[in-house]
Structure formats: structure tokens, C-alpha cells
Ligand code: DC
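Have a look below at one chain only, the form predicted alone, in C-alpha cells format.
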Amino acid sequence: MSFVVAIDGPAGTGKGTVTEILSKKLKLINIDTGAMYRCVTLDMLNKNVGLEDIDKIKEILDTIKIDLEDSKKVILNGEDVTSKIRSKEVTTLVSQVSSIKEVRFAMAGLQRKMAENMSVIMEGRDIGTYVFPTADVKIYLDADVEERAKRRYKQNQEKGIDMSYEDILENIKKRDENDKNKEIGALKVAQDAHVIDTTKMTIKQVVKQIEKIIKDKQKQIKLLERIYSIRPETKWKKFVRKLTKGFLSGLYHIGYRIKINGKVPDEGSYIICANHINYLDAAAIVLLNKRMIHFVAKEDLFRFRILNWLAHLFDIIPIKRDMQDMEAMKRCLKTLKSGELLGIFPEGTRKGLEKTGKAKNGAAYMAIKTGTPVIPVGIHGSFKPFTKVYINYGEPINLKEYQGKDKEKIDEATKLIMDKIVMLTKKEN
């Protein structure tokens, strides 16, 4: 599985230095995209290929070999060009070369290939917007142009590159203008990027801030992997689930005076749709039914260790709220096609109708799409210890007459389901 960190920004913001430090600290492979464009530029200069010689540029792109495995060296066609690609000639021309769409497409393709199934960190101008628009972490570094010119001048002096501060400042200004107005791969801030102004920051401070962002994202990804993992249905899992279900249902009967009206059919797939008034109403339906019910629950539930364990034990399906969660949808459809029971709260949240006034139409959509009957459930009770809790199962609702992708039909079906649920919440005998 790949993990991509994209660091964008204009020249002289510290991208290269920061990227190199972070790659070592966090064990990320450093792919210097700027060096790649400089290699193409140097190869063009060496072969006297002009910016208009597209056919010859394509020939270069077809045969060029760039090796960035050693972050301290850049190898072009077998030659160490680490210093040469920083020359004044290359620096003056590289922005124009990188604007050529054939070069852009070729380098972007090579960069994506390099990052396959690896944890990488890339710096450039359009990594988070064009090369990797779905990068896990996007950083945009910025700084005042004069400060950037000073940094580049000092950097060149350390590397023995002869170029005046005035030339560097003028070059950076021209490059900024060119990069921001490119037809392809223009320099701009990605919508979901973390913007950091490094003008008055030390490299150490910038590294520390980005490192925290990356580590927080890695923790989030690991948590999501744990949430969305599917625990295999083994004999041991079935045994533990049966034992746990028996114990918890016993506690439920001790805590509440349960009154159940109606039942779920012994066979066939159904969508169980209930009102949602308390944290424990889903548990009542899951624990007090003989059949296994795969309930849909918000992913936040899985962030607590004990609830995560119980959710995976009872095959609860996590879903991201307020967005189309295709993974959750696939698991729901698979459950129904397997002849099993799916549990959904159409309200979407506890006391949803009171809060939003409109039910979610996911249950109706899946019922219509799969031809699965819906069983409305009305739950009534205060859920205070030792009080009565009523769980009323209605007759299955067939939604065949609502078939089709017409949103109005789905909304009508959703209203029918909710009307049945509301009626069942009033039943107390």
C-alpha cells in the first residue's frame, strides 16, 4: 500500500531541504521531481535540442534514464549530474522545459510509477494538484521572494555555483510568474493542502510542523484500516459471538423490561429499519434476535477499542456520515445478496427527525435496487434502568412499485417506511 506526501511551493521555500530531512526521519523514499525536470533540461542542452523541437524532445523522453535512489546524487544516463543540473543555464531554462506538455506527461507518469506500493515524499510545483491529487498529505510552502532569493544564493555558494543574488532574484520572479501561468501543472495551492509560510521559520521549525501533520495522518490511516477491516468468519469467532450475545442479552433483560411485538422471518434477506432514540436501541435489535443482523453504524463508533471489538465481532458495517461511502454501500449490497439481514436507521442519527426533519433515503434505495423487503421497527421507551422498552416489528414492506432511479420515487418510499415506523412507536401492547 502506498503513502504519498506532496510538498509544493515556489523556489527557495525550503522544499528540497525539508523533504530530504523528513524522508530520513520518517523513512519515506524521496523522489526529487525538480531534479527530474532539470535532468531533461540538461539532456536537451547537451544535445542542442531547442524548446520547439518536440520530436527530438520526445526522443529524449523515450530514452532518458534518471536515477534518484541516492538522495545525495542525481544520475542522468549513467553520469553523476548533481552539480550540473543546478547550473545557471539549466536554472534559466528548466521552467520553460517543464511547461512542455510532453515533458510534463512523461515525468508525471514516471513519478507515479516510482511511487507505486511505496511510502514516498515528493516536492515540486504541482505534486498535490496534478501528479498526485489524491496524496495522503499535501503541504504548500511559501515565503517572501526576497527571502527565497537569499536562501537560494546561500545554497548555491555552499555548492560552488556561481550566480549573483540579483540574477537569482530576477530568475525566481520570472519562474514564479511562469509557473503560476502554465497550461498544465500550474503552481497553485491544493484545496486540501496545509499552507505554511516559512519566511520567518527555521528549517527545524518547518520540519517539526510537517512531521506532526504526517504522523497524525499515518495514525488516522491506521485507524481507518482497523475500522474497515473485515474479521474472517471462523468457528472461534462464531463461538465468541454466541457467548457474548448470550451474556449481553441477559444483561439487557436485567436492565430493562423488554416487550417485543412481532418478529423477523426465519429466512430470507430483509432490511430492518428502525427509529433511533438511544445509544442502546441498536443493541436491542441485534442481541434480542435469533438471526444475525448486520447493522450500519457511523465510523466514529469504531474509534473506541471495546466498541471496535464488538462491532467486528457482530459484523457491524462502518459508514462515513454526510457523504457517499461506496465501500459501505458495497458491503450492504453484498449482505442482502447473501440472503442476510441488514439493519439501518433511516434517521441517520439519534432523534434524527427532530434534528433535521428529513430521513435518509439509503435504505429505500437499496431495498428498491435489490428487491429486498423492508421490515419497519418502532422502538419506544425512556431507556432508564428497569423501565419498559417496546420493540415493535411491522409487516414486511415490498417496494416493487417504486422501482427505478427516480429520486422522487425513492423519497416517496422513504416516507412510507418512516410513516410505518412512527405508527409502530405508538404501540405498547
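Computed from a predicted structure; not experimentally measured. Start at 1 with the first residue shown and count on from there.
Not on display, but discussed next: the form predicted together with the named molecule.
Residue-level contacts in the predicted complex: of V206, V94, A193, V286, one residue has a heavy atom within 4.5 Å of the named molecule, and it is V94. A heavy atom within 4.5 Å of the named molecule in the predicted complex is found for one listed residue only; from A274, I127, L342, L141, this is I127.
With the partner omitted here, the stretch from 363-371, 52-60, 395-403, 35-43 that lies within 4.5 Å of the named molecule by heavy atoms in the predicted complex is 35-43.
Interface residue remark: R86 is counted as part of the site for the named molecule in the predicted complex, having a heavy atom within 4.5 Å. Of the heavy atoms in R151, none are within 4.5 Å of the named molecule in the predicted complex.
In the predicted complex, at least one heavy atom of D179 sits within 4.5 Å of the named molecule. Proximity of H294 to the named molecule in the predicted complex: non-hydrogen atoms within 4.5 Å are absent; the residue sits far from the partner. The candidate site formed by K15, S98 and R104 is fully in contact with the named molecule in the predicted complex, as each residue has a non-hydrogen atom within 4.5 angstroms of it.
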